[in-house]
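Presented as structure tokens, the chain that follows is alone, the form predicted on its own.
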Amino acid sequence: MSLHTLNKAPSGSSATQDCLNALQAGDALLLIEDGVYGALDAYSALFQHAESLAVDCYVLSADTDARGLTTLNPLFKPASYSTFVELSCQHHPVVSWA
């Protein structure tokens, strides 16, 4: 089970699609930095594949707060830095998509 971290906005690069293509059942996905824009409802269709695989999806709360994002896709659970560390310890490998 891998942890995928994604730090690019969906509109800014191909990293989102590359990440989504690599997801497998049992993986976890954490949106960080500008990647948190992916948790906006406008991008919900992009993450249907993750939902169909029952991938646990998280979004780093510190980064959503820093960007003033308040209304997010309910697929994404808010994560603290402690959650980030826990996920990193629970999943191998940790794959960073940038």
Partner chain sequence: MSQIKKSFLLINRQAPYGSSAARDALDVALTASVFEQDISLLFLADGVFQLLQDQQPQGIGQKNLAANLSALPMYDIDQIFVSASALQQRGLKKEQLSLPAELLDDQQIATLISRHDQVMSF
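Numbering follows the first chain given and starts at 1. Only a predicted model underlies this, so the values are computations on that prediction, with no experimental measurement involved.
Omitted from view is the form predicted in complex with its partner chain, to which the following refers.
Residues 76, 86 and 89 are flagged as a possible site; in the predicted complex, is every one of them within 4.5 Å of its partner chain by some non-hydrogen atom? Verified in the predicted complex; spot residues all out of contact, no.
4.5 angstroms heavy atom contact with its partner chain in the predicted complex for residue 80: Taking the distances in the predicted complex, the answer for residue 80 is no, it never comes within 4.5 Å of its partner chain.
Please tell me whether any heavy atom belonging to residue 11 falls inside 4.5 Å of a heavy atom of its partner chain, as the geometry stands in the predicted complex. Yes, residue 11 sits close enough to its partner chain in the predicted complex that at least one of its heavy atoms falls within 4.5 Å.
Proximity of residue 42 to its partner chain in the predicted complex, heavy atoms at 4.5 Å: So residue 42 counts as contacting its partner chain.
Taking the shortest heavy atom distance, is residue 27 within 4.5 Å of its partner chain in the predicted complex? Close contact is absent here: in the predicted complex, residue 27 is far from its partner chain, nothing within 4.5 Å, heavy atoms only.
Within 48 to 69, which residues come within 4.5 Å of its partner chain in the predicted complex, counting heavy atoms only? Residues within 4.5 Å: 62, 63, 65, 66, 67, 68, 69.
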